[in-house]
Ligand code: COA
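Presented below, as structure tokens, is a lone chain in the form predicted alone.
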Amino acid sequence: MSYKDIYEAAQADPEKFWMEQAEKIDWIRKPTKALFDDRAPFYEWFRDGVVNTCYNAVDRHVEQGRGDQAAIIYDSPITGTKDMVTFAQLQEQTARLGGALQRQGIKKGDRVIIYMPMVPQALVAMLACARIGAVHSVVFGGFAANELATRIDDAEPKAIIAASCGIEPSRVVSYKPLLDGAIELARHKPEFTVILQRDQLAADLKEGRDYDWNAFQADAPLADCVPTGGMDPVYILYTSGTTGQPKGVVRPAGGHLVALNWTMKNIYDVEPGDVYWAASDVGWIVGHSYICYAPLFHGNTTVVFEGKPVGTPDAGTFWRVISEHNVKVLFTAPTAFRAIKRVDPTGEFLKKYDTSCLQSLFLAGERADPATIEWAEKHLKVPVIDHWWQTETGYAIVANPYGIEKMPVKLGSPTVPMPGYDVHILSEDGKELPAGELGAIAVKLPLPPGTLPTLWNAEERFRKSYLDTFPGYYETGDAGYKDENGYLYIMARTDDVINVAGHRLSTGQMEEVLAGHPDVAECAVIGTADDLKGQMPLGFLCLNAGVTRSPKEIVAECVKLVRDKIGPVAAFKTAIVVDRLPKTRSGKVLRGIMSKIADGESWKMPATIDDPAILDEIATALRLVGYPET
């Protein structure tokens, strides 16, 4: 069947389509139907089904005689370590850790925060939680103590599983002081922590609260897979909110299994047993969906890579991993390829390795610029496929369905909507816009299985964030247009979340930190175009009257403040002291216009601006620090 046939079949009879896909996973009790709409707009999929996520990711492959197949390949150029975990070993490891957690009082529905680097034990921890029905929430290891504390207070975990450290190319990052600081800051206190001690830096354990990873599991009983309902959450993953308060995206068990399993063949065109590598981090949605869950659901071998595209040790690291481990599909962010291209523009490192096993490269996490796609195509000599999705959806909204039909690639477009996603371009008043016209990208409800049904303990916030702007639609927060062939083009965020190297970061969150500086009266943070990282944050600071200290000194303190409070992931390095900020008459800061000025793009004077002269002042301030003239 063609893409068009499959897409139209899913639109015409979603019940039939998704029940057929549900046959491809193993249920403890099969659902009687796919969609439950009695609580619309809070739609539910496979609600009356009973399932276990870990069983589908691990145990069923062992039972089907594939226990000796590699489930996880671990490759850490940073530590010089390589390892492999078979499905049979993964079954034993998840059962052992699950049993130890149960022995310590963790039961179905309890939350467990995971704060770990890119090591196989991070996946073991995620799967062990899923095995016993606990709800995990992975927090990226680069986040500072107060960011972790915010998530502790929202998720209220009974336990935290962490590592003693993470390892960067130039330094070892001690996690334990960050963890201790977060627990001290948080109102909610976890009952205990489990710490994986790494050779590079051991952590001091607090007696009675902190347990060593190995000692904690010693002689623990092997846990069976606990039955969970189709709508029971597998995990909570926090995504940046424009207010600075992160949003806890909930992932329900049944739809998560069905949808992700479907994507592996139909989008990525891999067969069970193939090696699939998502070069991301378990702290982000790509790491959840395509390092841990989807490849294992489908019986693929997944790669856990602890390194960087350049500098560990060189710009040939990706090619070595592909060649050594027989990688069929690589999925990463465009920023990784921009970094490689910057260091090795002529692709000399690629010539050292045989990458003929690679079938395709998929990009996501930020807009894939045509220059990067063309460079990758030229040197890898494989299709380079952009696709678009969000933390909230968990998998592609728009993609090139390579396992169904290899559709023509159009540079700048992630191609076409996937089954279940009815994508529309709407004007501000909710009217459908014609082909070629820019508008808000919205998806007609209900969203397909596996997407977020709500936010953790925040139903009203879910409604306000995603459903209220366009009744009957999910608001993506992105702007774009469709061409005459139905190809979608994503042009910008419609809110103030910026994208730094594939990581969505809230400017509001950074502004909150900057506003805490004693000399700062008012501030704004915008995203500016960056050849390597896609976007970089840029701060504007208005100082309190009477401040006589050097602006340079204050900027340096503000940069350090953001690094300390949010972490290096924010990549906040530049701020400019200005007299005032451009605003509308209602007081809204014109961040979009400021970004255009910084990027040297053309812009129109907004009708609602309070004082047009302020924009000239902003342009002058930007030129003084090296930004282009519009």
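One-based numbering along the sequence shown. Because the structure is predicted, anything quoted here is derived from the model rather than measured.
One more form of this protein should be noted, the form predicted in complex with the named molecule, which is absent from this view; the next part is about it.
Undergrad: I need the one stretch from 547-555, 346-354, 186-194, 169-177 whose residues put non-hydrogen atoms within 4.5 angstroms of the named molecule in the model of the complex.
TA: Stretch 169-177 is the one.
Undergrad: Give a yes or no for residue 573: in the model of the complex, does one of its heavy atoms lie within 4.5 Å of a heavy atom belonging to the named molecule?
TA: Looking in the model of the complex, residue contacts with the named molecule include residue 573, since a heavy atom lies within 4.5 Å.
Undergrad: State yes or no: in the model of the complex, is some non-hydrogen atom of residue 41 no more than 4.5 angstroms from a non-hydrogen atom of the named molecule?
TA: Residue 41 lies outside the contact set for the named molecule.
Undergrad: Would residue 279 show up as a contact with the named molecule in the model of the complex if we use heavy atoms at 4.5 Å?
TA: Yes, contact at 4.5 Å.
Undergrad: Given that the named molecule is not shown alongside this chain, does residue 111 nevertheless sit within 4.5 Å of it in the model of the complex, heavy atom to heavy atom?
TA: It does not: once the named molecule is placed as it appears in the model of the complex, residue 111 has no heavy atom within 4.5 Å of it.
Undergrad: Could you spot which one of 583, 30, 563, 596 gets a heavy atom to within 4.5 Å of the named molecule in the model of the complex?
TA: Of 583, 30, 563, 596, the residue with a heavy atom within 4.5 Å of the named molecule in the model of the complex is 563.
Undergrad: Consider the chain as shown here, without its partner, and state which of 308, 325, 461, 406 has a heavy atom within 4.5 Å of the named molecule in the model of the complex.
TA: Checked against the cut-off, the match is 308.
Undergrad: Taking the named molecule in the model of the complex, which residues of 317-344 have any heavy atom within 4.5 Å of it?
TA: Residues within 4.5 Å: 332, 333, 335, 336, 339.
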